[in-house]
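As structure tokens, one chain now follows by itself in the form predicted alone.
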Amino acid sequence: MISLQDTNRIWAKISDKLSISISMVAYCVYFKNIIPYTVRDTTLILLAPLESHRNVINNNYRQSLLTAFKACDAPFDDFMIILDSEKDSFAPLQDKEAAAETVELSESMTFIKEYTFQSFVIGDSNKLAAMAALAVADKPGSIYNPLFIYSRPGLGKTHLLNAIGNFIKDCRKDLEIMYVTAENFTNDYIYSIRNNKNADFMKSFNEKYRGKDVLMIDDIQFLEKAEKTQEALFHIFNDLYAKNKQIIISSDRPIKNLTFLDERLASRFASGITVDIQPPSFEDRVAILLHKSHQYNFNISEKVLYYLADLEKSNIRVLEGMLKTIGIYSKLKEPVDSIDFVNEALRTATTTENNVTIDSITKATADYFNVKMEDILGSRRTKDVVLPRQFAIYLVSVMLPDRPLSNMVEYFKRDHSTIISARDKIGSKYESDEHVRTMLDDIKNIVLNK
């Protein structure tokens, strides 16, 4: 029978593949806290913290997960998701089984070959980050060390990390690169503690991280509440830095906002160069659309590209998704030069391919704020419910613009003035409050990427 240790290791590989194939927001919301529980024949039993997580994964990500199984040559051909209340019906895998097994660490993530410096569209919002990334790739360990890149989801951070990796692999074949998520680094460290009496395992762990020329750790914010892992990373950082090895860290926020980080580790991160990627300007968004349209060989007029650039202002990934949708529909009409045609294509894709409904928007908002959907739709007026309710109302008005106001009144069980007030209040905050804008964009990405 497969051990808990091996199951966790295989799941780490599957998670890596999955994080590439779906949006990072969706991965973080729905898969971050999913853990392997046991195995029945060739079915992997996964433990989910919430019923909503199980439902979303089964309804929207079943095929993505099964595809990740095949990509990793996992010994499973199906999966089942259970909740904590159902664990008694399944016998969990035991740690003692793992002790007798051969332990292997997670492998370096594979670089996406399409993500290169040549395919990265440079504008004022990302110029510094692109220049720093290229300089590091050209002379790893000798300039800008460490390199700390941060940005909100969907702005190109992952593209730059992969571009660095692809450049080094092509031009410096003598260098060894390790590219992992903070989550997998944590898993490896936990395994090392469990097997601290296994000299071969400890040697493998040290070689994996201390023996590389370039160490890349993605999404460092996931080290929150992992104090011991931070300490281990601190010592590995010092060792690599002393040997002039390149260290690259990415995050969804600046170092000063990573308040959970050990002060020594935060100081090490800040000792090199910190670069950010801001939301692209209108001109940059148009340039990205032109580049992608040419890349995908879409026959779409500049008028339409300008229109798309004005529709989505803060997330390149969402913008590219809209372009691909229009590109698919363009096969029905060459070229695409009608705004009405574009709106119809996006509306059809939104309601069919992405299954965006008033329920899905409200459910995603409730999950994001960790409140119950029935509370948003109920009569409670406490602060922890009012804000999610206002967010949901605003998002419905933006993402389903054709929905009549009377329908929203009936759905949210609020009068017309309350619906209008919530919509306008949050709409105003979207323009003026970066934190609110980030939260709204994150929820929108969750809905669109299901």
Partner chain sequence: MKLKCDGLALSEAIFKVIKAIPIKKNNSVLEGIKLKAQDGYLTLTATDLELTITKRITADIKIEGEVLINGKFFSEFVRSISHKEIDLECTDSDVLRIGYGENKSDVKCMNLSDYPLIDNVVAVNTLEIQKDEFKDLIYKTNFSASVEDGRPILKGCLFEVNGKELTVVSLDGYRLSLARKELISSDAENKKFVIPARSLNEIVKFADEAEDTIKLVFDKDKLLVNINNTVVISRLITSEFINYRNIITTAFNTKVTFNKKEFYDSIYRATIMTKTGKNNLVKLDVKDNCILIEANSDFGVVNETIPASVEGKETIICFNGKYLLDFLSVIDEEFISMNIKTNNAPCIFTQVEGNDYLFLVLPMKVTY
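A quick note: this is a predicted structure, and the numbers were derived from the prediction, not measured. Positions refer to the first chain, counted from 1.
This next part talks about the form predicted in complex with the partner chain, which is not shown.
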key: Partner contact for N33 in the predicted complex: the partner chain, 4.5 angstroms, heavy atom   = yes
ask   = How about L395: is it within 4.5 Å of the partner chain in the predicted complex, going by heavy atoms?
value = no
ask   = Does any heavy atom of L50 come within 4.5 Å of a heavy atom of the partner chain in the predicted complex?
value = yes
query = According to a 4.5 angstroms non-hydrogen atom cut-off, is V29 in contact with the partner chain in the predicted complex?
reply = yes
request  = Specify the contacting stretch among 382-390, 408-416, 54-62, 36-44, defined as having any heavy atom within 4.5 Å of the partner chain in the predicted complex.
outcome  = 54-62
query = In sequence order, which positions of 119-157 have a non-hydrogen atom within 4.5 Å of the partner chain in the predicted complex?
reply = none
